[in-house]
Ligand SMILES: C[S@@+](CC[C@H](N)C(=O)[O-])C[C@H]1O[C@@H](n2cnc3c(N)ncnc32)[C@H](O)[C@@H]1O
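This document opens with one chain alone, in structure tokens, the form predicted alone.
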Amino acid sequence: MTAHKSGDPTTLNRLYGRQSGHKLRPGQQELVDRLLPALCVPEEGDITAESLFGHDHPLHFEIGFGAGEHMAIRADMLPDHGFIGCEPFLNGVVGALGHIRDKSLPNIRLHMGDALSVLNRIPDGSLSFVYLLHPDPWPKARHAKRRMMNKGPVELIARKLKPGGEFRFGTDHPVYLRWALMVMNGHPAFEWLAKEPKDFLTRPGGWPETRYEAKARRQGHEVWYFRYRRI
């Protein structure tokens, strides 16, 4: 996920990412045909907890949820919270649909496509949590403008979070780590919730492991966890 076509690396107006992978099996295609339409974020209008779930409650937003395991576990842990997940990759959406079906999760809504287009339609100060976990690193300097961690998206996330809301970011890529620290360092809208190194070297409680994190660890990569509170 991630990105932007203009030459300004501080802004971002669309995500780059694969939209399909291996061919879907019949059972997977049935999830797309039958379950996905019932869970899709509406294409127009403001996006609120009331419009999605029929009542007001804390709202979470995950940018690029991969196969959806983190989102599903969090939604299962917090049944009285609402979750919005955005992912451009069809096979990832199918994975999330499987979790939703298997765990009978009524508190998730999905968007297969650009997270920023959905985020823009959420009223300011509405979100309790935003998650950006193991985004595509785009490690080459010429691709820096494609990273989600850029001034434009971070400012948008800041606007959508309510005061005291939390932005969680995780990566195992050292280039992205350095870039993210540069972007977030001293940001006036956020307080970094780390007091000592173990706070960002150890996965916090209530932060489920994703398959990408597990893969990174199998490959011997260090993984970093960042929690920022909206001031």
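It should be emphasised that the depicted structure is a prediction, and the values quoted were computed from it without experimental measurement. Residue numbers here begin at 1 and follow the sequence given.
There is another form of the same protein, the form predicted together with the ligand; it is not shown, and what comes next is about it.
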{"query": "Heavy atom within 4.5 Å of the ligand in the predicted bound form - residue from 47, 59, 63, 180", "finding": "63"}
{"query": "4.5 Å heavy atom contact, residue 134 and the ligand in the predicted bound form", "finding": "yes"}
{"query": "In the predicted bound form, residue 69 touching the ligand (heavy atom, 4.5 Å)", "finding": "yes"}
{"query": "Contact label in the predicted bound form: residue 129 to the ligand, heavy atom within 4.5 Å", "finding": "no"}
{"query": "Contact of residue 115 with the ligand in the predicted bound form (heavy atom, 4.5 Å)", "finding": "yes"}
{"query": "Options 119-127, 151-159, 99-107, 79-87; stretch whose heavy atom lies within 4.5 Å of the ligand in the predicted bound form", "finding": "79-87"}
